[in-house]
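Shown here is one chain on its own, the form predicted alone, set out as structure tokens.
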């Protein structure tokens, strides 16, 4: 006789959990809702009083206008983000491999110094950053911005890979050393083939971070034609008036790649996080 009451209690508990989760999901989706419906409205219908109201019709002129202005910068962001995410992930995997499997004197201290880079505010290093790029002839170039994102991504990517590699038994690497594998042999034949979950997490993290960058892009790439898309979206605002429908449409276009990436690869991202947590 206790089974029905127990099942009823479990049902109500699950229903309450789902209602809370749905409420949180709707709360976090509100900015996207406002962004989309504002972009679908003509400029005359954009008002704070009617911010939540659905558009009277399907107006795509704002999206077409915004895309016409930010399309070149969208391409710039792709050129910047894809190689930066891939290169920084591989550099981080090598660093994580070194700090987890090749213990040497002072390795923990050096790793802590690596992690300091995670907490340095970008605003505090802008002047020496610009001076360094100018010295190497990379200031104002896409190559310079790719170089910066690769360097700034080293601390967090090294930390992620180190946590993942620490869960791999040392017996595997010791056996590889006995079989004659050197530094790169162990990395190529032992660690790299089983590091797919870690790469999934790091690549998605780096893609999102680099794509959403604004301050480094606006400082390093002074030429508006070379600026990433977030800078172009900011430039959609006029000096005296702002066409909020075009601004919102441009912001949604800028956010769309990261949304699509997480919708398509979200399960892979979660599996990688769980794999890293279990192995660590």
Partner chain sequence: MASAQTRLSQAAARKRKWHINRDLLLAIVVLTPSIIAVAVFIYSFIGWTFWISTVNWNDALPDYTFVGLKNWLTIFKGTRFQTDLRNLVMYATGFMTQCIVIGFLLAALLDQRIRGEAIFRTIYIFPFAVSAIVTGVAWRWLMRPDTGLNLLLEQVGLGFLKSRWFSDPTWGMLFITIASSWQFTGYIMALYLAGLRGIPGEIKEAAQMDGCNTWNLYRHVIIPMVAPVTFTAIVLTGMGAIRLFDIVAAMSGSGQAFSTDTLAFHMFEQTFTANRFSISAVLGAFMIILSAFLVIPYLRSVRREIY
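Residue numbers count along the first chain shown, from 1. Not measured: the values here are computed from a predicted model.
Just so you know, the form predicted together with its partner chain exists too; it's not on screen, but the next bit is about it.
Check all three, 11, 168 and 265, heavy atom within 4.5 Å of its partner chain in the predicted complex: Heavy-atom distance to its partner chain in the predicted complex: none of the three under 4.5 Å.
Any chance residue 162 has a heavy atom within 4.5 Å of its partner chain in the predicted complex? Looking in the predicted complex, residue contacts with its partner chain include residue 162, since a heavy atom lies within 4.5 Å.
My question is simply whether residue 214 lines the interface with its partner chain in the predicted complex - judged by any non-hydrogen atom within 4.5 Å. So residue 214 counts as contacting its partner chain.
Although its partner chain is absent from this view, report whether residue 203 comes within 4.5 Å of it in the predicted complex, heavy atoms only. Judged by the heavy-atom cut-off of 4.5 Å, residue 203 is well away from its partner chain in the predicted complex.
Counting only non-hydrogen atoms and a 4.5 angstroms cut-off, does residue 42 reach its partner chain in the predicted complex? Outside the cut-off, so no.
Let me know which residues along 80 to 115 have a heavy atom within 4.5 Å of its partner chain in the predicted complex, or say none if there are none. Read in sequence order, the residues that approach its partner chain (within 4.5 Å, in the predicted complex) are 91, 94, 95, 98, 99, 102, 103, 104, 108, 109, 110, 111, 112, 113, 114, 115.
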